[in-house]
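One chain is shown next in structure tokens, namely the form predicted on its own.
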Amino acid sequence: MSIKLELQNVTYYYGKGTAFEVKALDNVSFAVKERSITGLIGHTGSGKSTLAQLFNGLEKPTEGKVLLDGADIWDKKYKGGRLCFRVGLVMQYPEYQLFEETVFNDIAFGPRNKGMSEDEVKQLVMDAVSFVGMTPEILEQSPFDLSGGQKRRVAIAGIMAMQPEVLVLDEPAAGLDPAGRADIFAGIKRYRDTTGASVIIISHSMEDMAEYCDDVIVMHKGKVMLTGPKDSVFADSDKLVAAGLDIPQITRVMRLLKENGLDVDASVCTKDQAVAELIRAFKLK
């Protein structure tokens, strides 16, 4: 699988050269694969949201490079087109970004600004509404009359409608109930499967990372602490715990079973993996 987005030795300072200078990122390097769903986790202040703004050019690295399809997005010779259309960013609490009179116009804003025809815009809006689990009846409503969860879905749909090659979501399911969380993440996965986009999800929920992501990047104090396929990252649970980070509840249970003498793989991180592992362990008995 080829690389879609890559950071090479990226360092970023807030207030560089002032008395309030803070190093938010310190020599960060990692790669995001094409068609993958990559989880970005870490404590508040670990650099996650700064990374999100670097991905689509809202911020420029103090040092290092951000590469999209191998091209430095800050190179004067960069010819990759408007970055905001290629790397879509759904910020934390995106419902506060809504501004149009109708849901349709809010979702259609991006495609229209790409210069698409109204027929193309309508189809993209309908596709995006489907991805986030809403029905067409909602399109003529005012976004300001919707519930918080519905506003979240509309905001996400507005970015999906631009069909970015990389979709970055900062805490997309924050504050939603379990059913709402599952619905949002299922829609994100459908978007990836349908469009072939790469997806980056920033979240504090280890359960979401374990369930929906292919790869995981763990940030700690502005540096990459761990990166790789989710199974290998969560297999290093001792390192995560030592850094004060959580681990998926399933992994925690499997660790306890292992410590109490049951021959199981303590690195599994999803319910399906745990069920298969427990069946194997008890059959061996």
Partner chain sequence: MKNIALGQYYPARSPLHRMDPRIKLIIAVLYIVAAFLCKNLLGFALLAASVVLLVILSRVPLKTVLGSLKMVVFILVLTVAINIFLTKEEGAEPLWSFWIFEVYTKGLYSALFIALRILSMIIGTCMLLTYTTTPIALTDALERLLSPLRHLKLPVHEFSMMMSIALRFIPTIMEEAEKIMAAQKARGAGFTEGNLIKRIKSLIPILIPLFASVFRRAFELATAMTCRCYRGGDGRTRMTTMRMHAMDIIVLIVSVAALAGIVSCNYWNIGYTL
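In this text, all values refer to a predicted model and were calculated from it rather than measured experimentally. Numbering follows the first chain given and starts at 1.
Beyond the structure shown, there is the form predicted together with its partner chain, which is absent from this document and is the topic of what follows.
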What is the one choice in Ser46, Thr38, Thr251, Asn56 with a heavy atom within 4.5 Å of its partner chain in the predicted complex? Asn56
Partner-contacting position among Ile184, Ile159, Val125, Val166 - heavy atom within 4.5 Å of its partner chain in the predicted complex: Ile159
When its partner chain is placed as it is in the predicted complex, are Ala19, Met91 and Tyr96 each within 4.5 Å of it, taking any non-hydrogen atom of the residue? yes
Partner contact for Phe144 in the predicted complex: its partner chain, 4.5 angstroms, heavy atom: yes
Does any part of Trp74 reach within 4.5 Å of its partner chain in the predicted complex? Heavy atoms only, please. no
In the predicted complex, is there a heavy atom of its partner chain that lies within 4.5 Å of any heavy atom of Asn113, even though the partner is absent here? yes
With a 4.5 Å heavy atom cut-off, would you call Asp106 a contact of its partner chain in the predicted complex? yes
In the predicted complex, segment of 77 to 85, 195 to 203, 125 to 133, 175 to 183 with a heavy atom within 4.5 Å of its partner chain: 77 to 85
